[in-house]
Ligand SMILES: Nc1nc2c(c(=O)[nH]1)N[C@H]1C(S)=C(S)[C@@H](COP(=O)(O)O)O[C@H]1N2
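One chain follows as structure tokens, the form predicted on its own.
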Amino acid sequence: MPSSEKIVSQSYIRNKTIFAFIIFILFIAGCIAGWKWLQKQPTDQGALKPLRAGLNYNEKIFSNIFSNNHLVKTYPVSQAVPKVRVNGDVGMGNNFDTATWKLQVIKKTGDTLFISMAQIKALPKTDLVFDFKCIEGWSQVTHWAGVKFSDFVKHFGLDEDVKMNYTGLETPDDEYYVGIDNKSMMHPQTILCYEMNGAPLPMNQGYPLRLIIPVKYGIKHLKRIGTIYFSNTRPKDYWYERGYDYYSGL
């Protein structure tokens, strides 16, 4: 009975090895050439231009499939961590005067609303326990409470303002600032937050008012909101200017 085994010659093995080695060398050379080419490209808002183009393309894809019906997973309060990690302190200067703080909301007409914490706390309260995710790679199940941004908009007559494309938020000292698409701002789990773990926000977590927006990474959860405004063009964004993704969605 004839054997089904294939006899492989030494020359065949040698030729295959040489071919594989050549392909490997060409691949490495291509990677090095591509890396050198990339490093010579101009920058756009802190990122190399080809990388920025890729991030902008991703934003278009994810913004087109975004839906208010897609809710972030929530947890029972018992699963929330007692000690919440602080993700950054830019804009948390010590010269902040809590006694004179009022939230400034600049309408598209140019008029400015000055809103007190008492007015905000008079609105329906929403508790939210979710997995807060940071771009540094860590996450925590955390407990927050405040007013839904959509309820805030309705109560203060900002419906026409949120028809614009973006909302900009800034700290009172203007040191930290974010721009967020209004689809995400109007998501039912986005809140203007004034409590953490059932108590007023600590100073290092954005007292008296911060943004909690579970559909975004932590860099968008601006602490200590001083000003809110609306725009059809992208508002300035602290981490976008430093090379990060503007959309920063989950």
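Because the structure is a prediction, the values reported are computed rather than measured. Numbering starts at 1 and runs along the sequence shown.
The form predicted in complex with this ligand is left out here; the points below concern that form.
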Partner proximity in the predicted bound form: residue 167 to this ligand, non-hydrogen atom cutoff 4.5 Å: no
Residue 183 within 4.5 Å of this ligand in the predicted bound form, heavy atoms: no
Heavy atom of residue 210 within 4.5 Å of this ligand in the predicted bound form: yes
Residue 132: touches this ligand in the predicted bound form, heavy atom cutoff 4.5 angstroms: yes
Contact residue in the predicted bound form, chosen from 85, 121, 163, 154 - any heavy atom within 4.5 Å of this ligand: 85
Candidate from 158, 80, 103, 92 lying within 4.5 Å of this ligand in the predicted bound form - any heavy atom: 92
115, 146 and 149 all contacting this ligand in the predicted bound form, non-hydrogen atom within 4.5 Å: no
Candidate stretches 60 to 68, 202 to 210, 26 to 34, 184 to 192 - the one whose heavy atoms come within 4.5 Å of this ligand in the predicted bound form: 202 to 210
Residues of stretch 211 to 231 in contact with this ligand in the predicted bound form (4.5 Å, non-hydrogen atom): 218, 219, 221, 222, 223
